[in-house]
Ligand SMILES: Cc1ncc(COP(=O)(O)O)c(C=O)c1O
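Just the one chain here, the form predicted alone, laid out as structure tokens.
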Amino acid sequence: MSSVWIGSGIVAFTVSRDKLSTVNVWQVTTSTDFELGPFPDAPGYETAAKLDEEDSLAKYRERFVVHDPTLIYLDGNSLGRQPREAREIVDQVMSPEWSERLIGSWNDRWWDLQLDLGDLLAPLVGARPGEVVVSDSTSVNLYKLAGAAVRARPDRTRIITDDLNFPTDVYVLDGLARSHGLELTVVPSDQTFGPVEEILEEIDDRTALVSLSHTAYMSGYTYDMGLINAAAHDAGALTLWDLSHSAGAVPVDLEGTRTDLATGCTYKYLNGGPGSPAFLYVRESHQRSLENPIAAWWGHTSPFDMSLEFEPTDGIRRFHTGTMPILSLAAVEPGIRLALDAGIEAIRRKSVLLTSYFIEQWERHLARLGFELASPADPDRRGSHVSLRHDDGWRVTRALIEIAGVVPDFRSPDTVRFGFAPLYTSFSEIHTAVQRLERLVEQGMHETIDASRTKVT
């Protein structure tokens, strides 16, 4: 039994679930007089309205499911909204592809679907056809690519990353280093900005691999990929980038920056759905020389020969591993197509405007309430989310969700993240969200929230 404050009023809904197969039943139990807005008299309202009026991407919002228009969803950097077309795609897989065609659908289109979607996604990350496959999870892909890289540099003993990298990336790299007798160097940062100079100083002729997140999950700091790649290549090392917090929101030029390897998820700004398959990139010039450390059926040159000897196929398919979850895989397509249709440059322009407007509103309304900017002020070094630190960040986050109808997320120990997905987030939503947050904290309403943590924050 749990309660969520949301919607016009606001009203509190109680959800009960008797068994796993039962649909959640929502019941109104009480109300509060917390004001949802909009707030036309608050500074910044007219600016937001003007930016919305000039927004060339505003039309894309209707292409997404917006179940409750009073709910302000600022967590697209964690899970994107559902494209309306996703249901149609999944329904097609369910029927006729699965229900009628059955196993015949493997030959119809399923067998190469991960390659087709990889080619579709490639322009969004500056890759060429045949260099991207939608495959497995980000963690599995990171292991495969990092493992391939260190095998390709057998005389080198170091992997370099930083402490802004996503924790699972560091776990994978650490496990790989320990199993191969290598040294993992985690370069410290100030928790906001990437330690660029320190990383460049660490790269030497012992370095096999440099692996970083393009856009840091916590602060949104975004690296100059070309600078890091050039330094790594000068030392004879390979590079591996995690694009999870940049793909679909920040321009990525894998070809132009001469990136060796990359991976990323599809469920954030690409709106592929919860737990949707990730993607991986291998530069064409590396595809024959690198060896996938998880050799498996789908990477075999002739899988249905049923040979017990593994012979890798050519091209990007050799870096694919297991049988794909077709329902989830198919659902990735609409989000990719929406991003392509809008254009990554237009998406980026709006992203910069959204985050800049939020920072201006933070400075005007929230800084005095103990909120500290924990993201770069320079838009060239900032992704599409903005983080604020607050001594009571966890309860502020829960209060925003449960009382104010605003959904950000929280990252320990004290950071509230606000993600701005340009395809469906409006400037007026940002203005309203900041006003709700200001009133919430001014009234001390977050202090009424239970401080115990939920499993997912």
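For every residue, the number given is its place in the sequence shown, counted from 1. Computed from a predicted model, the values in this text were never measured in an experiment.
There is another form of the same protein, the form predicted together with this ligand; it is not shown, and what comes next is about it.
Shown without its partner, this chain lists T321, S137, Q191, T313 as candidates; in the predicted bound form, only S137 has a non-hydrogen atom within 4.5 angstroms of this ligand.
In summary, among the residues S244, S219, N271, S351, the only one with a non-hydrogen atom within 4.5 Å of this ligand in the predicted bound form is S244.
Stretch-level contact check against this ligand in the predicted bound form with heavy atoms at 4.5 Å: of 198 to 206, 262 to 270, 293 to 301, 358 to 366, the positive one is 262 to 270.
Contact annotation: W98 falls outside 4.5 Å of this ligand in the predicted bound form, judged by heavy atom distances. The closest heavy atom approach of T168 to this ligand in the predicted bound form falls within 4.5 Å.
Remark: T239 does not count among the residues lining this ligand in the predicted bound form, judged by a heavy atom distance of 4.5 Å or less. Not displayed here, this ligand is approached by S213 to within 4.5 Å at the level of heavy atoms in the predicted bound form. Residues from 371 to 403 do not approach this ligand in the predicted bound form: none has a non-hydrogen atom within 4.5 Å of it.
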